[in-house]
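Only one chain is shown below, in structure tokens, and it's the form predicted on its own.
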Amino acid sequence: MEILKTPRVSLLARPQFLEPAHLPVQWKGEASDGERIAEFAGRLCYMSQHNPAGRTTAEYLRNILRQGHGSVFEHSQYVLLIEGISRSCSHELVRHRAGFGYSQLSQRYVDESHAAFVMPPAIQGDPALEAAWLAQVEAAQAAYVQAVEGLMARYAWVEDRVHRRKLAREAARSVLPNATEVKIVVSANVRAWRTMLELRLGEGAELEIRRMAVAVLRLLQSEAPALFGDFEIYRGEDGNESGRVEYHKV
């Protein structure tokens, strides 16, 4: 049995900017494609491609953030693979709907006999709590395996083995805990990512999704610092990493 204590976030896709030859922008400074798309969209609104203020992309986007014109950020989309989070955490994540798309591992089809489990951050570091939690998830996994075996026997009359396995697993998964690990592909535009991060990085957020949000933020800041650079990671009063943002809900 694998016990996971930290999430893993991988970049699957980033924006690609194809500048139209008939509307060239007088670019200043280095920028990623995601940042350039947002700047291009903003300049199109006022036909300011000649860059009268001589701003770099980072300066231009910071001014957009300051003014709260977040609609231009909806054109840049990042797709992430998030692993090492629990089903409890993923159910919190998928509550964010506008601007998001999700594809999540199906317990109905996937055999969870060797599933990994995510230890809640609140339990980590306390030997007694960890031991009690581990015993509980081990018992739950054993109950799942036993249930699958019994249900496969009960549905032995179903000739299609794939369908028979599905019938067994969809019922047996009911005994698995919320701590069961999921893998999920998440796509969202920059405006949606910013809203989710602002809500889930705060010290009042549930610890596991806060930890996930910190990992997501670090990746997105490395990809597009001009779009996420106003977020700050700090150590909260509870000793866990948290985050705050300078420009709210643009």
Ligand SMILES: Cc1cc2nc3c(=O)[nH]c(=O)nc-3n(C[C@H](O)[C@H](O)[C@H](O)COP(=O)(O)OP(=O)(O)OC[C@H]3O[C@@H](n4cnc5c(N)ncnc54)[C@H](O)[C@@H]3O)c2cc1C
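This structure is a prediction, so every number in the text was calculated from the model and none was measured. All residue numbers are counted from 1 along the displayed sequence.
Separately, the form predicted in complex with this ligand exists; it is not shown, and the next lines address it.
- The partner is absent here; in the model of the complex, the one residue of Gly68, Gly29, Gly204, Pro52 having a heavy atom within 4.5 Å of this ligand is Gly204.
- Interface residue among Arg161, His114, Arg108, Arg95, judged by heavy atoms within 4.5 Å of this ligand in the model of the complex: Arg95.
- Mapping the unseen interface onto this chain, Leu199 counts among the residues with a heavy atom inside 4.5 Å of this ligand in the model of the complex.
- The shortest heavy atom separation between Lys249 and this ligand in the model of the complex is within 4.5 Å.
- Screening 182-190, 40-48, 58-66, 204-212 for residues having heavy atoms within 4.5 Å of this ligand in the model of the complex returns a single hit, 204-212.
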